[in-house]
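Next comes just one chain, in structure tokens: the form predicted alone.
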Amino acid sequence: MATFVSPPASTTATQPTGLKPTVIEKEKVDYLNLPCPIPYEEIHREAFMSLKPELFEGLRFDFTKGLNPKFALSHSVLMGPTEIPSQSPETIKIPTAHYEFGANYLDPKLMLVGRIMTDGRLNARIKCDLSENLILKSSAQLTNEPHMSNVMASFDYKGKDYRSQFQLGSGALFGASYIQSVTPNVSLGGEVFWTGQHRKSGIGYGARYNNDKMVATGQVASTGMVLLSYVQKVSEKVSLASEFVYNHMSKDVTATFGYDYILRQCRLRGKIDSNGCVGALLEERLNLGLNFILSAEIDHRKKDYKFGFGMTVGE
């Protein structure tokens, strides 16, 4: 007797008549058109914005007056204690006061910044675009103290998907760095340096991964230093950052956590590290061209407490 066998059921779902199946294709990466990475020396810049605010102690007042669209003068007053190096575990401070006069020239292809203080120190910076891809940077610090003046110059070349830098400095300092984009989000680089004055050389490697929500970086050097950082962009106004630093020579380990919160009229940045040091910086915009600053730092291990406030006038 013949047996009727029904055909097996189809395992693929059929699309309704008139509708085409949806096909999701993964976007292909064009490795011949990768973005240009940031300079090697700035791979941790997002983390440094949160973890290394410009904290100060005492009274600070900054005034900037623009004489024309390119030239401006600045005046700064800082009154507060200065730490003196000592072998005592407690921090020794003496009251000091400084006045600083500055001149700035800002142009799309040339930037000149100069600062001179009442104690005789002179700081100067130059940034000049020699071409669309080649930039010259130079900085100098001159002082009356012997062997404390220094000069540094660097040539930065910006390629299509890479950056390179060559440095020259006082004390027979030579350095070079290179960073290359390997994917749209990942860049790898390295650096070498030689200081003839101290007869020391070193080599380092760095990696950076970034997207719209986070930035992760890592750096290791032959000097025994390991630096890892991570920044999470919670929103357009809130960023959280963390940093891990290990020194193989001294066996020191430091972990730091920080935040960067931008409100409509103010910006708040703070940090706390594994050594018991807590710091915060508040910048409140009172009016157009008028900002109020509050700075605080507590080092529980050294029993060192710092508090500062100030104002900045001018854009």
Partner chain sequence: MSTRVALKAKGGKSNRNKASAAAAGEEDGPSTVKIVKDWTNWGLHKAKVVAHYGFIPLIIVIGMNSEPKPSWAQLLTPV
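Owing to the predicted nature of the structure, the values given are computational and were not obtained by experimental measurement. Positions refer to the first chain, counted from 1.
The following text describes the form predicted in complex with its partner chain, which does not appear among the structures shown.
- In the model of the complex, residue 116 approaches its partner chain with a heavy atom inside 4.5 Å.
- Interface membership of residue 226, defined by any non-hydrogen atom within 4.5 Å of its partner chain in the model of the complex, is ruled out.
- Residue contact with its partner chain in the model of the complex: residue 154 places no heavy atom within 4.5 Å of it.
- At a distance threshold of 4.5 angstroms between non-hydrogen atoms, residue 45 is out of contact with its partner chain in the model of the complex.
- The putative spot formed by 235, 259 and 281 is not touched by its partner chain in the model of the complex; no residue has a non-hydrogen atom within 4.5 angstroms of it.
- Stretch-level contact check against its partner chain in the model of the complex with heavy atoms at 4.5 Å: of 158 to 166, 191 to 199, 227 to 235, 213 to 221, the positive one is 191 to 199.
- The contact with its partner chain in the model of the complex, taken as any heavy atom within 4.5 Å, belongs to 126 out of 79, 126, 176, 240.
- The contact with its partner chain in the model of the complex, taken as any heavy atom within 4.5 Å, belongs to 71 out of 205, 99, 71, 209.
- Of the residues in 277 to 297, none comes within 4.5 Å of its partner chain in the model of the complex through any heavy atom.
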